[in-house]
Ligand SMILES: Cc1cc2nc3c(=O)[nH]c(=O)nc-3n(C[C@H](O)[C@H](O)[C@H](O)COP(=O)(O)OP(=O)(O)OC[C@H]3O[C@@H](n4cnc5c(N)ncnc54)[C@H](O)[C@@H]3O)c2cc1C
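Coming up is one lone chain in structure tokens, specifically the form predicted on its own.
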Amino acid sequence: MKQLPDRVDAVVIGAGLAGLAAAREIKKRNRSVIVLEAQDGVGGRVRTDKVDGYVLDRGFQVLLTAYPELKNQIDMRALDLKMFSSGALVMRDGKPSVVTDPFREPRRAAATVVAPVGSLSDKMRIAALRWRVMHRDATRILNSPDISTVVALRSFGFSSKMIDRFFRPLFGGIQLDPDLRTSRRMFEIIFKSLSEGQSALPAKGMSAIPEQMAKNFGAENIFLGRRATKIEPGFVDVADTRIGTNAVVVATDQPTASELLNTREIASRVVGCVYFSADTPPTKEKFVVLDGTGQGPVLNAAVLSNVAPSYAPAGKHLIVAALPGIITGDLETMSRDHLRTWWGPQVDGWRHLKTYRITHAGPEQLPPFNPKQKVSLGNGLFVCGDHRDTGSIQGALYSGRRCGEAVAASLV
């Protein structure tokens, strides 16, 4: 095990996206910095496991290519991104309906018009909402009056059918909030990102993002399996080792940050995720598949091997089912029972690969939601993470960068 230094300019606790982004900014300014990570790998909540030749992200995650911070910190070409089709496949009563972005998939516009997920007026309102968010910058959206997503959708004039059959499974899945209580500001930011970019998977799994960041930062400065047991201004304790430092950055998930810094804890979103292997895919589409009832327990699913063939061995297929808000009970059986209503008895022949129960998938962000929380707590203590900005990959990266900049400025 690598020996920890006695003293550095800055210690970053947590090798997730925010921690790696902060460390990068500090190092860029020629300051000595190390990263401590309690787990056996980098990435925090953005981790990938390899099971029997399958690539299993820890939770059904996708990368929204429109996130502006990606171009500042990530070599997107090196990720070898594989794109989902724009839109969704809505399943109801065992029948699929395609709902696409007609600006990107004009050949399927007619199918979208007749899809039984809402009225023609509902679909025209989606187009109007798309135009609205694409012509407003993020700052204006995040400073607009705030209400819950579901109240906002009703105020836009969307019918209950459209909300339950489309918005609830799609955005309830993305925001891990089946009740759509999340801030309208966050909903519009995500809608804007979906409209301006694509949903994608790195060919080697979502962990390719933090692994690229760690490689660029320098693995020699990252200490895995090292849990910080105590922090105070001027030092960090790791087991029986004390590291002297001018700045401590807590870049863990929010519950851990709250414990280390004795700050107010924010409620966490939870999600269950179940992976199956199949010899034949239940659909050949590259869409995210939505529960057209909006009731779950599976709100959305996907045949990931259709999107990224590298996610499964040759001749096999990988299906993921996401259950936002549910982490207790027999998730495999729940998922099979639900997916059987979509795809029939073939589901019984699928092989269960792994179930994830994620107790902290992200911070709850209820209205009024105010991002860009302060990162400097005084006395050389700093904090960053998606709970300090927006609950997203964008939020984690941006929070980490501005925290790193603040640390570097304090060391001048």
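Owing to the predicted nature of the structure, the values given are computational and were not obtained by experimental measurement. Residue numbers here begin at 1 and follow the sequence given.
What comes next is about the form predicted together with the named molecule, which does not appear here.
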| query | finding |
| --- | --- |
| Segment assignment from 347 to 355, 25 to 33, 60 to 68, 369 to 377: heavy atom within 4.5 Å of the named molecule in the predicted bound form | 60 to 68 |
| I266, M162, L261, A228 - the one with a heavy atom within 4.5 Å of the named molecule in the predicted bound form | A228 |
| Contact check for A15, A18 and Q39 against the named molecule in the predicted bound form, heavy atom at 4.5 Å | yes |
| The named molecule contact at T252 in the predicted bound form, heavy atom, 4.5 Å | yes |
| Non-hydrogen atom contact T256 with the named molecule in the predicted bound form at 4.5 angstroms | yes |
| Exercise: I393 in contact with the named molecule in the predicted bound form, heavy atom 4.5 Å | yes |
| Residue contact check: L170 to the named molecule in the predicted bound form, 4.5 Å heavy atom | no |
| In the predicted bound form: members of 323 to 339 within 4.5 Å of the named molecule, any heavy atom | none |
